[in-house]
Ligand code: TRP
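Okay, so here's just one chain, in structure tokens, the form predicted alone.
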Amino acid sequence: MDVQRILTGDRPTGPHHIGHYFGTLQNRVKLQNEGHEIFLIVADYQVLTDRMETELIEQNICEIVRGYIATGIDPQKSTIFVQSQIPELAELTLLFSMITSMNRVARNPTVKEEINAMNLEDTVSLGMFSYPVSQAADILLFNPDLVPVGEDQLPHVELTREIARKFNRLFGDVFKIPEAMLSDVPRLVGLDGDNKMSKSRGNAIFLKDDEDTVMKKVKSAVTDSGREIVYDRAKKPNLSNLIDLYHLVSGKTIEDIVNLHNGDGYGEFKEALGQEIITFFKPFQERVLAYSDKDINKIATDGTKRAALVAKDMMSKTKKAMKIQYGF
């Protein structure tokens, strides 16, 4: 097996939820345990692209690190680091902005969608507009082979690849051209049935939720008309989403779940789903209790120190290639 370097991560806007686990976290643990070199960025500067409430960022960084540890990330095998503590990332963002046109960034469909969703057309900040360039720096400074992303992030990876190719063409081969790695798990819809599961939309089950909270959230989940437990994405999309979740946490097939609850109403089905979620995540919650706040801070600090060594080396190669590494 060829060992590959992989760069992925999260914005610290709150704790991980069940959608994160099945969408990305379980795959990161799998890749780590297969022997790949994993870099996990906690992208705190990216929080500022769409909000100025900074008082919870430090707490949320710790929540993200806890989530990594709870789900099986081993800080001795994987490097967890904090974006703002690697100054070379900001420096590389500046350099990449010199070779990336505003028109190219404006064509990024993900940026367009996020600006429209937040009604920021006339007030969008430069940081929000150009964060795909910042994300390219986050990736390329660590020279990964693979970048695991959701489908909505593919345009960012494609821009990253374009920037790497352009830099290499202008200044010589410095950066690998990373490949996107798509998750094969469908994106979970939130409990409200209207949006993807999200920290900010109040429609998520968090990995840290206690048993009562999990059950309360599941019982309040939006369903469809009628009482029959059937899997039909066209006629019963909300129930089908809950059945998908049931399948993920229990390992049972869709057919077995439907047969098991044949004749049940939504209440009985939700009760069973809630118990499956509680059982599935209990080992994760027990694992994280073994780590104190001091332990979590040390994991983030040690990982950032390791990442800084890689960043300094890559930044030196970058500036040398550009002939801007001066002797004074």
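Each residue number is its position in the shown sequence, starting from 1. Computed from a prediction, not measured in an experiment: that's the story for all the values here.
This next part talks about the form predicted together with this ligand, which is not shown.
You can rule out all but one of 132 to 140, 94 to 102, 220 to 228, 233 to 241: in the model of the complex, only 132 to 140 has residues with a heavy atom within 4.5 Å of this ligand.
Looking at Ile61, you'd find every heavy atom of it more than 4.5 angstroms from this ligand in the model of the complex. In the model of the complex, this ligand sits within 4.5 Å of a heavy atom belonging to Ile41. In the model of the complex, this ligand sits beyond 4.5 Å of every heavy atom of Leu159. Interface membership of Arg11, defined by any non-hydrogen atom within 4.5 Å of this ligand in the model of the complex, is confirmed.
Residue Val149 is the only one of Met128, Leu207, Val149, Val174 with a heavy atom lying within 4.5 Å of this ligand in the model of the complex.
Listed residues Gln153, Ser84, Ser250, Thr71 were compared with this ligand in the model of the complex; Gln153 is the one with a heavy atom within 4.5 Å.
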